[in-house]
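Coming up is one lone chain in structure tokens, specifically the form predicted on its own.
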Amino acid sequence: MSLTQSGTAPTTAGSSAHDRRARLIVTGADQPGIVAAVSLILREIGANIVSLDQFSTDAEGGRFFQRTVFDLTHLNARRPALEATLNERLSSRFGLAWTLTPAGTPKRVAIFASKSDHCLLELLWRHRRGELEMDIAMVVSNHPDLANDVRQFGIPFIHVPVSGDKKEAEQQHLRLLKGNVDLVVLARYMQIISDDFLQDVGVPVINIHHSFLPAFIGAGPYQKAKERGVKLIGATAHYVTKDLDEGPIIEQDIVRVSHVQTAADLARQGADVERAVLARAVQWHCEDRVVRDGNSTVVFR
């Protein structure tokens, strides 16, 4: 394992207003009174609701999902009292699950990449511009090719070669990640992630790939697509599970193509879609807009 680092990873400096803001996610069996209960709890503690989105899968017997963003002065000091009230009135009374996340604490993210740079550089660029609410802890790659590109952003670049023994590489990854990150993003990381790694890393993992699957598997998918005369190309960002490329989908997009495009044209347009779709998926996850529902997702935009 080798480490190339220049400078310090940029951090998201929260303003005083940002430090007062929090996000409350509530999930469970749908029933009357949940929205009123959440609103009353926040009103009683003196919070101001900035936005509230809720969704039920069915009016009778459905599953309930709600994302509430609110502003509360002295949030850190008042958080224990608020959490106790949420436990009493939401968990005990309604049987609901909830999470409370201060908006002023960005998620720590590790990005994995191989040789393709388009998705990686898109995330680094948007992060530097302040468009992604996260701290990038490190970039990990099985190749050294992108070290100089990453160095320009002041992000630690860690090269972990993957040879015949992938377990050893994954153990090095786990030593780097455990306790240090809240999310792993596979930005065109061309290695299969094992089930053992997913269980041990303990944080969500997001992947991006072209949307031809299960068609055109393997190398050269755009050449194969060209040969079949496809009329749409696209990309899918999803959470990684033990079932390869079948995890809950976060975001997808497409562009129309025609017979005039070459395979190189398709690959270039596909890369554009991939980087935009992955950036949106990472942004929504870091803003607590994505709620997993079995092998599906509810995304509050």
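It should be emphasised that the depicted structure is a prediction, and the values quoted were computed from it without experimental measurement. A residue's number is simply how far along the shown sequence it sits, counting from 1.
Unshown form predicted together with a further copy of the same chain; subsequent notes refer to it.
The candidate site formed by R20, D30 and F212 is fully in contact with a further copy of the same chain in the predicted complex, as each residue has a non-hydrogen atom within 4.5 angstroms of it. In the predicted complex, a further copy of the same chain sits beyond 4.5 Å of every heavy atom of A263. Put simply, D195 is far from a further copy of the same chain in the predicted complex: not one heavy atom of it is within 4.5 Å.
Interface membership of L121, defined by any non-hydrogen atom within 4.5 Å of a further copy of the same chain in the predicted complex, is confirmed.
a further copy of the same chain is not drawn, but in the predicted complex it has a heavy atom within 4.5 Å of R43. For the candidate set R78, H159, R126, R175, a heavy atom within 4.5 Å of a further copy of the same chain in the predicted complex is found for exactly one residue, namely R126.
In terms of contact with a further copy of the same chain in the predicted complex, the residue from D117, E170, D182, D135 that brings a heavy atom within 4.5 Å is D117.
Counting a residue when any of its non-hydrogen atoms is within 4.5 Å of a further copy of the same chain in the predicted complex, the one hit in 276-290 is R280.
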